[in-house]
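Presented below, as structure tokens, is a lone chain in the form predicted on its own.
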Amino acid sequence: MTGSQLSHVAMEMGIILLSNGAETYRVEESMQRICFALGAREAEIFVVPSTIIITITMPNEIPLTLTRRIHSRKTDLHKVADMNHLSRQICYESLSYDELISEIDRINAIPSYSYLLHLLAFAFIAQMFTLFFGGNFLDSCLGFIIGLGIKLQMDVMGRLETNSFFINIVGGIIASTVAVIAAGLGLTANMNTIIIGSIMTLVPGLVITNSIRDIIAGDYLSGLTKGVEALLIGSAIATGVAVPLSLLRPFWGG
């Protein structure tokens, strides 16, 4: 396998790992192991949440550097698990370049869950967290409705390529507005519980977890970057929730 082919394989695997929710250290370690398993003499990989840089040196070849920018990220741990399995397989089996590219394309093309399932997942998450924080059945039904609204809003704004900061602001506004109106109409006495349970669909749990794990692993730049991202998302959610609470306060008598 040539240096350009090896770098292409490693880079494509790294992109799929990073863009689907893998930790920085996992991406770097997997790419490095792949490079050595496929015959590289030296391999240096630098990964941050939005960029991957790889430099490899093959025997009797000059060093080759490849850089790729990550423009969008999501959470699909099934693809991360499949890529981890493939990286281990590479270390123990001899696979050709065409076989590797074919397998990478197959994993990348694996469809996510259906849109209806995503929609119901958001709704049930909001509903169950509302119950978890002490709401009653009617409160949980309101949480279910808010969860549906937040998911639909995120998809519409996502298609318009809206910044995630504003997406989370609008999500917070939806959760707070519905809860305030429900309280004003006398449908619930647990407005705060509904709001807290509903915005759990927006909380960046994976980002926070990966930030802490990256910092512990010594990847301070990536860890701090993800930490700032989580802080900004939290600020956006809080801002969105605060706006209806302030503007609609006379409606619910607060």
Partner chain sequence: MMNYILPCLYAFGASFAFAIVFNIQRNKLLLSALGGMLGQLAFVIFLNVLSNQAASYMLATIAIALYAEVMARLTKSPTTIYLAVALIPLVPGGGIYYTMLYFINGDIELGASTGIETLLISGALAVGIIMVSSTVNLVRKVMLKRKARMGKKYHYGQKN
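Residue numbers count along the first chain shown, from 1. All values derive from a computational prediction rather than experimental measurement.
Keep in mind the form predicted in complex with the partner chain is missing from the figure; the text below concerns it.
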Point to revise | Interface residue in the model of the complex among T209, T55, T225, Q32, criterion: non-hydrogen atom within 4.5 angstroms of the partner chain | key: T209
Study note, to complete from the structure: As a check of understanding, the residue in A81, C91, V156, A109 with any heavy atom within 4.5 Å of the partner chain in the model of the complex should be identified as A81
Point to revise | Which of 97 to 105, 118 to 126, 141 to 149, 163 to 171 lines the interface with the partner chain in the model of the complex (heavy atom within 4.5 Å) | key: 118 to 126
Point to revise | in the model of the complex, I70 touching the partner chain (heavy atom, 4.5 Å) | key: no
Check your understanding: If you check in the model of the complex, is S50 within 4.5 Å of the partner chain, heavy atoms only?
Key -> no
Check your understanding: Does the partner chain get within 4.5 angstroms of any non-hydrogen atom of V241 in the model of the complex?
Key -> yes
Point to revise | the partner chain contact in the model of the complex: L185, any heavy atom under 4.5 Å | key: no
Exercise for review: Give a yes or no on whether every one of R26, T201 and G205 sits within 4.5 angstroms of the partner chain in the model of the complex by heavy atom.
Suggested key: yes
